[in-house]
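Each of the two blocks below gives one form of the same protein chain as structure tokens; they are labelled structure 1 and structure 2.
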Structure 1
Amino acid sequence: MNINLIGGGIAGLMLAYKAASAGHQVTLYEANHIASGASGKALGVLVPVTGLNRPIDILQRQGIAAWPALAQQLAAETNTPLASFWRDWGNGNQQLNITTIFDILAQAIRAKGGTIVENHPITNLAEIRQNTDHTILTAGYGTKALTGTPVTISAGIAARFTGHIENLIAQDNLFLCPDFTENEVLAGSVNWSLKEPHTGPIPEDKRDELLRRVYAIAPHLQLKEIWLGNRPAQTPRTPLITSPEPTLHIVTALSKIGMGLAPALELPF
């Protein structure tokens, strides 16, 4: 079958990879470049957010549990050293190299015959639904403009520091871990809800909160850069994919747990 996808974040790449692996003809359209939206602002830390047993929590744990085998498969298919983009911190906690994992997925998709078209914004679904068997919309906040689906924003702050720590530290609404670049440490995130994406400077109180918590744990670190991520979210968050038409499928905006959830996404046909 011919499958078109819209959106080059983790959800779009994961489903494009699964579709191409299943033998489908895949074309993915991205308005800017791969991982230019919320996915590219993530830390890549894979830690279950809660110990609850809501459907979304169960799916996140399933997705995280699937990453080790998936990472090994991607390493083999792209001849990429596994340790360069995936690591295991024990107790099910893992980390992805956010600067490379999207390129590795894109490479694997292309190796299976898939096509990725960057810098190609889609403003009308009709333009890519012709001559295709299924269309999958994985556009995050862009889903709102294309379908009217209600999408809100969970804003968060992340930062990179110079310095060294030995292990991943996971606390309530705070992650601190070594980056894949030597002598660099990643930290995030402070969360708050918005109706629309935040386009201004980082709120000073949110910035100060993150830095205060990081320095309480590791006062020797030195701030290198800090950024804000607009994470699209939908309520309810399950099912992960809805199909308002038999050949149109909409992926829920996955918010801050998208990197962990992504392997739990299944092709809806």
Structure 2
Amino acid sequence: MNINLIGGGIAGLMLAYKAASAGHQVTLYEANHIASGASGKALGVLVPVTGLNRPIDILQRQGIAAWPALAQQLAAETNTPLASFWRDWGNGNQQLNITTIFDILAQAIRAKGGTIVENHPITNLAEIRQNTDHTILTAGYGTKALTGTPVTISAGIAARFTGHIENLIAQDNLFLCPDFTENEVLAGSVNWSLKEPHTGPIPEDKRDELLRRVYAIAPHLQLKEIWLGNRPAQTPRTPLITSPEPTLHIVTALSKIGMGLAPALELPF
């Protein structure tokens, strides 16, 4: 079948990879460049954040459980050393190299005959659905403009530091992990809910909150860069996975845990 996807974040890339692996003819359209939305702002920690049994928590646990085999498969298919983009910290905690994982997925999709079209914002959904069997909307917050679906935002802050820590630290919704360069550390995140994406400078109180918590654990780190990301979410917090029409599917609102959850996303046809 011919499958179109709209949005090249982790949701779109993962589903494009699954569709191409299943033998479908895949075209993914991305408004800017791949991972230019929330995905490119993530830390890449794959840590089950709650022991709860809400749908989102169950999906995250399934996704994290699937990452080791998936990472091995991607390493083999793209001829990339596994340790350069995935590692296991024990106790079910894993980490992805956020600077390379999206390119690896894109490479694997292309190797299976898929096409990724960047700098191609979709404005006319009806047009893109012509001559295709299924369209999957993985446009994150952009899904709202295309369909009217009420996607909200969970804003988050992450930072990169110079310095070293030995292990991944996950403490009361604060995450610190050595970067794959070994002399840098990533940390995040402060979270707050918004109706629309935050643009402009990072609010000072949110920035201070993250830095205060990081320095309380690792005072030797030196701030290198700090950024804000607008994660697509839904209130109440649950992924938005729905098919408003038999050939139109929406997969978004992965909130704070999309990187971990993604392998559990299934093709909706």
Ligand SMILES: Cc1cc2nc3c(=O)[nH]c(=O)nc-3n(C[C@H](O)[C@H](O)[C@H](O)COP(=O)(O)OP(=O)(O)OC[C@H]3O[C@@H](n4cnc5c(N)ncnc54)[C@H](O)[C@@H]3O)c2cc1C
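Definition used throughout: the rigid core is the maximal C-alpha set that superposes within 1.5 Å between two forms. Worth saying up front: this structure is predicted, and the values here are computed from it rather than measured. Start at 1 and count along the sequence of structure 1; that gives the residue numbers used here. Shifts are known only where both forms have a C-alpha.
Between the two displayed forms of this chain, it is structure 2 that matches the form predicted in complex with the named molecule. In sequence order, there is only one run of at least 3 consecutive residues whose Cα atoms each shift by 2 Å or more between structures 1 and 2, relative to the superposed core, and it is 235-241.
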